[in-house]
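Only one chain is given next, in structure tokens, and it is the form predicted on its own.
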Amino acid sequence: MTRKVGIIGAGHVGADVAFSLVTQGLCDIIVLLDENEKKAVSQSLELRDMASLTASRVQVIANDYSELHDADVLVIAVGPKTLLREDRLEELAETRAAVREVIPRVIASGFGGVIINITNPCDVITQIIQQTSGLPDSQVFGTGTSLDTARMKRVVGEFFGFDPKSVTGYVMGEHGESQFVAWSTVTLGGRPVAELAGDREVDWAKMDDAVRGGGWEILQGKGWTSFGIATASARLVDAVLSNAQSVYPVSAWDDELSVYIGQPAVIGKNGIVQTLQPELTAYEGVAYHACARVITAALKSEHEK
């Protein structure tokens, strides 16, 4: 079977998602779309220039919405014109208008696959995409706290001197300022980090802040973030295409709270197979509900405009 992926947005993030998919040979066809058609053409041409240098051949098509009719996965990577915003919720007015313009074109093409949203504010925009598309909530999810979780693994790994791949656990809630590290889920070699710390003095709040502020620190230095989120997105695309049944922290629908929010979920060929709510501490449960209120308030303000 041909593995076909659409990407809307050919800027830093969308292009790096395409680059990750091509270099890892995770799909057979990429459809790259952007309102700036020249940019999408240029990005696709450069990706095709790599064809003789990569392990497998990936066909890249630019600016043809009709090609989405048989795509398995669609990545939404529409970005704001102004990048340096510390709070992702500030991007809502601009990105809301953008996705409301492109999603009807996607559905008109006959697309019926899985949508993975990167566009910020991720949780809010993911819900807008689902509502606008009319697709089941299982077929629409966001990258959510997947990148934040990767940052947590880096921070914890560096503090304890472990490879970040050896760190397990989740950042949960909003992909934004109200997110939190669910420390009760974080382990190293199967041992809780609090236990592994022993008598060592650990400033958990400082580590939490380092995770939350990691993206802003990168933004201040280079003006955008793309490597981490593109790699996380490629993993999620692969999970869908390979029906991996793998668990990732993504922005998935929480039926109890009626909101898209960052939580562990099983990913398969049709999107979200099921969510796996960890047993949180009382404090973490309060933080999770606080995140839901932040996302819900943003949605409410969006509906009132």
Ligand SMILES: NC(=O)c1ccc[n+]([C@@H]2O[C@H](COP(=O)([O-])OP(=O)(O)OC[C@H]3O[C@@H](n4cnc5c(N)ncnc54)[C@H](O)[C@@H]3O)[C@@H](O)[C@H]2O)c1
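All residue numbers refer to positions in the sequence shown, first residue = 1. Nothing here was measured: the structure is a model prediction, and the numbers come from that model.
Quick note: we don't show the form predicted in complex with the ligand, though the next part is all about it.
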Quiz item: Out of the stretches listed (27 to 35, 241 to 249, 51 to 59, 255 to 263), which one is close to the ligand in the model of the complex, meaning heavy atoms within 4.5 Å?
Solution: 27 to 35
Quiz item: Using a 4.5 Å cut on heavy atoms, which of Val75, Cys122, Val140, Val171 is close to the ligand in the model of the complex?
Solution: Cys122
Quiz item: Quick one: does Gly214 come within 4.5 Å of the ligand in the model of the complex, counting heavy atoms only?
Solution: no
Quiz item: Is Ala18 a contact residue for the ligand in the model of the complex, using a 4.5 Å heavy atom cut-off?
Solution: no
Exercise. Please run the contact check for Ile229 against the ligand in the model of the complex: heavy atoms, 4.5 angstroms, yes or no?
Key: yes
Quiz item: Is there a heavy atom of Gln127 lying 4.5 Å or less from a heavy atom of the ligand in the model of the complex?
Solution: no
Self-check item: Whether Ile8, Gly14 and Lys39 all lie within 4.5 angstroms of the ligand in the model of the complex by heavy atom
Solution: yes
Quiz item: Though the partner is not shown here, which residues of 214 to 246 have a heavy atom within 4.5 Å of the ligand in the model of the complex?
Solution: Trp224, Thr225, Ile229
